[in-house]
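The chain below stands alone and is given as structure tokens, in the form predicted alone.
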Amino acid sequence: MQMVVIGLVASAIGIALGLIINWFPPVASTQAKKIDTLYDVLVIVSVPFFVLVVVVVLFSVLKFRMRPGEENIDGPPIHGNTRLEIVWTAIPALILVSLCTYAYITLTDIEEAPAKSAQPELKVDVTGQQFAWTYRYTGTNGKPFDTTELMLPKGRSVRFAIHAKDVIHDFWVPAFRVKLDAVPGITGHYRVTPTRLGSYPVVCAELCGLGHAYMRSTVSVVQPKQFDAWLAKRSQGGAAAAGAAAGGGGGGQAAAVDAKALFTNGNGRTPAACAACHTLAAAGATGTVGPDLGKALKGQSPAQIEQDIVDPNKVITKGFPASVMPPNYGQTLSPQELKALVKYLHDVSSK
């Protein structure tokens, strides 16, 4: 009775904490709600079993531990109970089958194509390579274009086709709760319907090399009209339109770029800020994934520094491996940002 009471109280507390604690990022897709419900069901079912085992073990240690003088005394003989063994084998088996069935139903449910609507399903190709994500859309003119900017309309189903150029990656938006390995030579698919406006991180969830931790991107969920305008603009101007937009500024003039802040914090579109991987005393950066730029860039011309940024595998600093720095900074930095960053690095490395 003591174990039963303790177990019930502990189970109730454990289940309550499991449901109350906010474990995950905000729900940003219809699929996320179903995944969260599945998680809640697993918590409700699994916590009592965990509590049962722990309570029995602790109770046995407390009540049935060996006392002084009992070192050589055998316990009473115990014979097996076939009925009990069948019960404690059958019940967990039934629970496991039930949970697996529910998980399968949830998985097939979130993979189903949506019912026909006024807006056709948006298709986006996702390509992972060390250590960056690239996205391909079909423009309003029917021609595909590549971008490092992932933009999605709220309330419209999106089907991702996921590829990898080099090694296995994993395309994951935690706020969407769905992820899938990107495997070279294989095209994987999954779909989501964004339901919440905002910007959410895109991460690689498969260890893919030295720069794995910095293989990040951002997905922006916007209103359908805003997405349509973005798609039309990209269709007309391609990468140039994105670069001009990224430069910012009103009235046709680019906003001033704070190169030191860009080096330290990035611009929200780059896979990672420079300071995350490099040491540069002038910027207070202490990264060790890449070389110390105060030393590596000394004596280089602005053209050489720009080449190091946009084509990082062209010249590799001795002692560091190739294919660690993402190769798409030429697309994620606007012309103004690239020019300002090159000037900043040339100035501080020349001192």
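Only the largest set of C-alpha atoms that superpose within 1.5 Å between the two forms is called the rigid core. All values derive from a computational prediction rather than experimental measurement. One rule holds for the numbers: they count along the sequence shown, beginning at 1.
A second form of this protein, the form predicted together with a small molecule, is not displayed here; the remarks below concern that form.
- The stretch in contact with the small molecule in the predicted complex, judged by heavy atoms within 4.5 Å, is 312 to 320, chosen from 58 to 66, 42 to 50, 28 to 36, 312 to 320.
- Of the residues C204, A164, L152, C274, just one reaches the small molecule in the predicted complex with a heavy atom at 4.5 Å or closer; this is C274.
- Contact annotation: A283 falls outside 4.5 Å of the small molecule in the predicted complex, judged by heavy atom distances.
- Residue contact with the small molecule in the predicted complex: I15 places no heavy atom within 4.5 Å of it.
- Among heavy atoms of P291, some come within 4.5 Å of the small molecule in the predicted complex.
- Using a 4.5 angstroms threshold between heavy atoms, F131 counts as touching the small molecule in the predicted complex.
- Once both forms are fitted on their core, the CA shift for L107 between the shown form and the other one remains under 2 Å.
- Put the two forms on the same core and the Cα of K295 is off by 2 Å or more between the shown form and the other one.
- Shown in the overlay between the shown form and the other one, fitted on the rigid core, is a CA shift at V47 smaller than 2 Å.
- In comparison with the shown form, the Cα-Cα distance of W133 and C277 decreases by at least 3 angstroms in the predicted complex.
- The pair P327 and F160 is looser in the predicted complex: their Cα-Cα distance rises by no less than 3 Å compared with this form.
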